[in-house]
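As structure tokens, one chain now follows by itself in the form predicted alone.
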């Protein structure tokens, strides 16, 4: 009897040891969440996570916004709002805010010629692999960049709740966030200039993620299995939209107004509309 008990104890110990080690190994694979948010670029969303979404975005209007700042592009539209159609606007702060990702904020796009401590820190621009130089994922889905919540997504393999990522700066107030640029007071493309600049969220969003044509045998495993479940959840920002950044351009630099920021980096808190 004693021998049988000893054998059973050994078996149970082995099972605990095996599964315990599996838990340790699993925990070891968990990436550490950064202390604060910052912009990381759309390329980080590509690869093993959102390839179909990245490919669709790359060929959408959002994936080509930086190109509009080049001389000779969209001449008629520029003339309409009294911009010089022959001028290169790819380093103009007012334009970069809404034609790139995270410009003027931590980790955001840095235009050509940006120097820091004698070193060129300009963001690389690759026409074959667009990234921060276009209006990427984080401009619509985050308050201050996706460095934190993308780790939550990876650690959970996509099985997360809205609140899990919202606490790290993912936003769900999409009709509101579009006003970051499309109807912002600083854009020259106002509805008062032309009816085509009137913003209709439901119509515009149809052009954002036309993903169906980009599914391939290689990325089928990236389909978002939990997206239907999350549609039944209600994030705070869906009920109470976050603030939209306001800014001015002073001495050819962008200056954000602290009272209008959706995220306070010092306090680590989010600011909602009242």
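A quick note: this is a predicted structure, and the numbers were derived from the prediction, not measured. Numbering follows the first chain given and starts at 1.
The same protein has a further form, the form predicted in complex with a small molecule, not shown here; the description that follows concerns it.
Could you confirm whether residue 230 comes within 4.5 Å of the small molecule in the predicted complex, counting heavy atoms only? Within the cut-off, so yes.
So, residue 236 and the small molecule: in the predicted complex, are they within 4.5 Å at any heavy atom pair? No - in the predicted complex, heavy atoms of residue 236 and the small molecule never come within 4.5 Å of each other.
Look up in the predicted complex whether residue 104 has a non-hydrogen atom within 4.5 angstroms of the small molecule, and give yes or no. It does not: once the small molecule is placed as it appears in the predicted complex, residue 104 has no heavy atom within 4.5 Å of it.
Using a 4.5 Å heavy atom cut-off, state whether residue 205 contacts the small molecule in the predicted complex. It does: once the small molecule is placed as it appears in the predicted complex, residue 205 has a heavy atom within 4.5 Å of it.
If contact means a heavy atom within 4.5 Å, which one of 105-113, 143-151, 118-126, 77-85 is the stretch that engages the small molecule in the predicted complex? Contact-bearing stretch, as computed: 77-85.
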